[in-house]
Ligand SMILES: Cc1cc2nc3c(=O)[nH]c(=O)nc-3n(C[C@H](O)[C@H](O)[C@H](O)COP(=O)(O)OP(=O)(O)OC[C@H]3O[C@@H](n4cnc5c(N)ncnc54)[C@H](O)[C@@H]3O)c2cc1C
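Presented as structure tokens, the chain that follows is alone, the form predicted on its own.
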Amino acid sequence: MLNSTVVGRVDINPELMILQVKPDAGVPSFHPGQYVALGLTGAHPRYDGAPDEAEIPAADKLIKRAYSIGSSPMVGDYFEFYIAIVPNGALTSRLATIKPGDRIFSQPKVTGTFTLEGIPEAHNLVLVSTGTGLAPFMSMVRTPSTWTAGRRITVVHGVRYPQDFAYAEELSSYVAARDGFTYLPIASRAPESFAGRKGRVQALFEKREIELNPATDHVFLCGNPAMIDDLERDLTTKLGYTVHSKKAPGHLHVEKYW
């Protein structure tokens, strides 16, 4: 049942972690933006102080949840996941205790359509996330084929507090190393002393800090449903964006993260 091994863990803060998981059968091929299910059994311990469960799962029950892959397909040794610990989450209250060397389940099949497939190489990418919704965009920017000639890439990461930022150092390094790359971190509940951007992700669009051309700029939204609903409404009604689907391709790509 448990077919993978945890090979790495980085704690961003007590509520956020980066987990690296190596499947026994190896990492299958996938496209940046796709996801895979992780799981633990009901017998796995929860973190100290976790709220009582309304319904205690059977010891042999596999508790599974889907997580976007944060690593590039070019990394063949492991999957990487960016995970928020939800106190009453059946799985994450157990994931909170996991450590390198522990066994875990990972779904052999990778799935999802929130990818760059079909986007012309000359078109730009505006990758907008809140919280752990950043994960699929990390997979994209870590993959060489994303960086096509002349393409501009913007990554927006909205969090509540500055200590919630993950991957900031890596994303800042792309600003220095890559032409046409922009990184816009923003914290909605930052203290007055915080020198960075303060407010909601939506403010970056309202204040025109991000200028869009719906003919050439593909916008990807991943994270908080409220953020997605606001931007989907504004981009479709005010700028003429069309939500992408397989049957009706558009330039606005949506992945509601919870």
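Note that the structure is predicted; figures quoted are calculated from it, not measured. Throughout, we count residues from 1 along the sequence that is shown.
We do not show the form predicted in complex with the named molecule, though everything after this point is about it.
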| query | finding |
| --- | --- |
| Candidate spot 67, 83 and 90, all three touching the named molecule in the predicted bound form (heavy atom, 4.5 Å) | yes |
| Exercise: residue 135 in contact with the named molecule in the predicted bound form, heavy atom 4.5 Å | yes |
| The named molecule contact in the predicted bound form: residue 205, any heavy atom under 4.5 Å | no |
| Partner contact for residue 35 in the predicted bound form: the named molecule, 4.5 angstroms, heavy atom | yes |
| Interface stretch in the predicted bound form with the named molecule - options 98 to 106, 144 to 152, 75 to 83, 173 to 181, non-hydrogen atom within 4.5 Å | 75 to 83 |
